[in-house]
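Okay, so we've got the same protein chain twice, two forms, each given alone as structure tokens, structure 1 and structure 2.
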Structure 1
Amino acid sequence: MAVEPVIALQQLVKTFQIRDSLFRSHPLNAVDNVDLDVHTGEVLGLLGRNGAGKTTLIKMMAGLLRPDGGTGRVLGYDVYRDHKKIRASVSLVAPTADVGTDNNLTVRQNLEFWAVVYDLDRQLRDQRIDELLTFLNLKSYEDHWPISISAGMRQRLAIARSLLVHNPILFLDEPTVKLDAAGAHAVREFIRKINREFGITIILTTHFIFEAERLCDRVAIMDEGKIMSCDSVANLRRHLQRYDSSVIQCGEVPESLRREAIRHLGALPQVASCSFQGERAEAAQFEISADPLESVLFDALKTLRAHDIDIHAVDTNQPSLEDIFLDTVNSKGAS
């Protein structure tokens, strides 16, 4: 790629000494020879089981943890020498909502405090805070103390804090944890928005795999400190070597019409197979396998409708990111 990546890590290692007893300890590679490039303006998802090393990797990229081996540059700064500069130009949301929330200050006072600490322009402060409060639906709570609002609200406050300044990189460690459906949705939309509008590069971890599928341009699947695979969801799906299939349930289809439809469907490009099941009229269904399915589904539907076949339901079966994730993590465990 022509553009220099915002984050480039080579063979990055972090080893913790785990104490067994008073005098003995053994090393644990929490992050193990990680190579990773993050491109400007992308949303990268880190997926992995508990203890896979996601948080450790994020901390190293944010300059909060010193690597024990390998090289890395973040925004062009060296992770060993210029960690201060890295920290000053990235934002981060920790998964524990109460971090950085002072219970003695009101919601608004909290944000005003951090706005100064993060050196937000004086003129921008009030406007930015209002903007964030409104967007995260915190406006009606601005004069409340954080202890008196719910955990989910406090999580929003933490997110608001990290977005006060628009730094070029934003790390989100489990951003929607503890949020209700509406809150999580709002946060996801917000992540998308700041990524689009301000070109902020976002690196997030989550255990809601569908969330990564929705938001991320690429996902890196980690296990035991190593990155098992890192690619766009579409490419990861392609590696699975499984045809996408689609079941189209229809109303009654006369014999002649069915043959005609099958012939037309089979002739569509990229269709691997096409079949018809259904003795009883109400359970008639076409099954189509194709690679990729996305490009032919609409033509198939058009064909059926052109033959005036009534469609009751369509179910496309694509391996979801969750399937891919489990596949990757489990296959590694088996070998």
Structure 2
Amino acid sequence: MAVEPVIALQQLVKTFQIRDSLFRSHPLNAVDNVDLDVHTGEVLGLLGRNGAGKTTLIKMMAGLLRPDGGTGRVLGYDVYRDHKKIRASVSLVAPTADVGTDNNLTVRQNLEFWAVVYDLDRQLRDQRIDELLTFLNLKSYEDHWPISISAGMRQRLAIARSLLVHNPILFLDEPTVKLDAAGAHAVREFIRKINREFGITIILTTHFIFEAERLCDRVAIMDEGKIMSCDSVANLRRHLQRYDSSVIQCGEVPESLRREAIRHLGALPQVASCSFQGERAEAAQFEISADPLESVLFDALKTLRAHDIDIHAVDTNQPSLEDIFLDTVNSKGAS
């Protein structure tokens, strides 16, 4: 029996009026016919440039914006009629850690305040706050004013606040955008830890490609309000035929032997392409692309040695999510 997604969107649209001048405006689809399913316990990344529609989409899924078209359900609630129920059932951390944080209260007092706002059972409040302070390594800072701790710690405080009520979905809108390298690394580690240990479904927006690659089970690439592709990074590579490759540098290879070696290499399972470059011995090299590369590289080296070809060096290359992102946006934009 198929498990229902926790978020299911079909042809979702959000349109804003953009003013051209004092008397003229034109409509802009910030989110343009988006189809998206999100499953329990996964980390889904919305990846795109500024203005791609990521934040608008998250706000609709979190019950903060009403769509202008399409259909959608979040935890079974309708995105048109059940805004309050959706907002009560999900958590959202804004791009800046200072939203919702009171600098006149200590770290612990901020969590105590929000525990009351969330109507958390009085007997559970101290226990839950202690657990979160320990879990997010904030226990030693519980009596500090938020303004006196780092931006990364304030972001962790915002995440702790969002976890007080154990909502099953957590939205993170560019969670590391204003953090230094150390703070951003710590927040990324905690995002994975939250997902792994609490089983919370996480949807995050980012324009940092390496962040999406490290954190996300699936990545939805957005551009001009549309989802161009949505899949795991491995599957996105396969769909775009961006395979892992290896360059095998070798000694001089006579032409007849070169053709024979390429024929045998090309016949190996999972090999997508095979070529040879370099007429001079010091520049001769075979290039192999395969999916996955590790399944054939050893056999490829054995094949070359069986043909008495001297192997000088082996380099491997894995297409990054940046390559995939640029290929996706450019290919869809050209079609």
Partner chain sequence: MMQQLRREWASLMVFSKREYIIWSSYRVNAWMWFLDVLFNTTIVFMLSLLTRDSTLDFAPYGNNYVTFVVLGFCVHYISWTNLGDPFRRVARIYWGGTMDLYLLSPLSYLTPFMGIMFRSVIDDYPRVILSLLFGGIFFGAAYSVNQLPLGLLFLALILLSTLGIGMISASSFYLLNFKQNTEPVRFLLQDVIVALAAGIYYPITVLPESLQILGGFIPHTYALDALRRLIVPGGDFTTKALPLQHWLPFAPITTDIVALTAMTLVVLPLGVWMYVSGIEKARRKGTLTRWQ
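Definition used throughout: the rigid core is the maximal C-alpha set that superposes within 1.5 Å between two forms. As the structure is a prediction and not an experimental result, all values here were calculated from the model. Just so we're on the same page, residue numbers count up from 1 along structure 1's sequence.
Structure 1 derives from the form predicted together with its partner chain, whereas structure 2 comes from the other one. Fitting the two forms on the rigid core leaves the C-alpha of residue 250 displaced by at least 2 angstroms between the two structures. In the core-superposed comparison between the two structures, the C-alpha atom of residue 305 has shifted by at least 2 angstroms. With the core held fixed, residue 296 shows a CA shift of 2 Å or greater between the two structures.
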